[in-house]
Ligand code: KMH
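In the block that follows, a single chain appears as structure tokens, in the form predicted alone.
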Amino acid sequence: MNKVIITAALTGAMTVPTQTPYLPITPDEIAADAEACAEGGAAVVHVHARDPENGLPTSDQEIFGEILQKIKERTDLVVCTTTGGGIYMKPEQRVQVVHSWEPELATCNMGSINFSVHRVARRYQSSDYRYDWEEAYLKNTEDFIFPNTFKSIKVFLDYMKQAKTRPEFELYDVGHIYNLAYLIDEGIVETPVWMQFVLGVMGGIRATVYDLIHMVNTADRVIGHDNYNWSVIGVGYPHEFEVNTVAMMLGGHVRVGLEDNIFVRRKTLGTNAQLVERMAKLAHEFEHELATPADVRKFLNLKGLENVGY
């Protein structure tokens, strides 16, 4: 597809409310941001759930359902739900959203890694934090391993198959491409696959143009150019816009949003909609047409909004 898909990652699990006043927390706030991102050019939104009382990431299915229903009421966006969850969630909690709500698209992480944002905690004093859980939450990631074993990946994929939910494979490092290739070779995963290169997580590959090209070249060699389509995440500023711009030149798609980066320009905090709008402007500058939700559904062969469980 010649059009560019913009995904907006609205809230995530690692950005904390103290970092930016624009982080959506409640179902209404998340749905309102989704609508604003749709108006700005996004075709897909990536969704985590937050406890409306304190902003803590949650796997509460009632909250998840409320978010999904409110987005559906406001837009025709493709919703990609997380199965990454939060750092204290067990695998069965992370994948429950697929079983409960049967979305069109859901993430499927392709390997275990050290996953840390503990350096962010250094930027704040204890008195700065909006909620009492934030400082410990950030610092504890220094000792966190994001677990995605082959056994759990197969369980996640089985849930998705039952729900007719398309997996979006998240690749945080080069070895994850080989993991996905193994699943393809075993007949567990069918091609063409929809992949997302996740660049810039501390513990994974860095968010540079060199690393992006290395991931693409490796995927071409190991999986085959005709067997996958892809998007990219660049964690932090200016990486988000740098790798996304190059991705468009290479025929890939892009993701922005407060889950990955809080700055629309250097030292200038932005909203989700502003991040989408800036990415859309960059796409238009290079004469790339933006994909609509209908384009994405056709391109990825999704089951359609009428067949979700919410």
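What you are looking at is a predicted structure, and each value in this text was computed from that prediction instead of being measured. Throughout, we count residues from 1 along the sequence that is shown.
If you look for the form predicted in complex with ligand KMH, you will not find it shown, but the lines that follow are about it.
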**Item:** Glu134, Asp211, Glu104, Glu170 - the one with a heavy atom within 4.5 Å of ligand KMH in the predicted complex
**Value:** Glu170
**Asked** Pick from 274-282, 28-36, 256-264, 54-62: which stretch has non-hydrogen atoms within 4.5 Å of ligand KMH in the predicted complex?
**Response** 256-264
**Item:** His48, heavy atom within 4.5 angstroms of ligand KMH in the predicted complex
**Value:** yes
**Request:** Examine Asn109 and determine whether its closest non-hydrogen atom to ligand KMH in the predicted complex is within 4.5 angstroms.
**Result:** yes
**Item:** Contact of Tyr237 with ligand KMH in the predicted complex (heavy atom, 4.5 Å)
**Value:** no
**Prompt:** Could you tell me if Val201 has a non-hydrogen atom within 4.5 Å of ligand KMH in the predicted complex?
**Reply:** yes
**Message:** Can you list, in sequence order, the residues from 80-106 that come within 4.5 Å of ligand KMH in the predicted complex, counting heavy atoms only?
**Reply:** Thr82, Thr83, Gly84
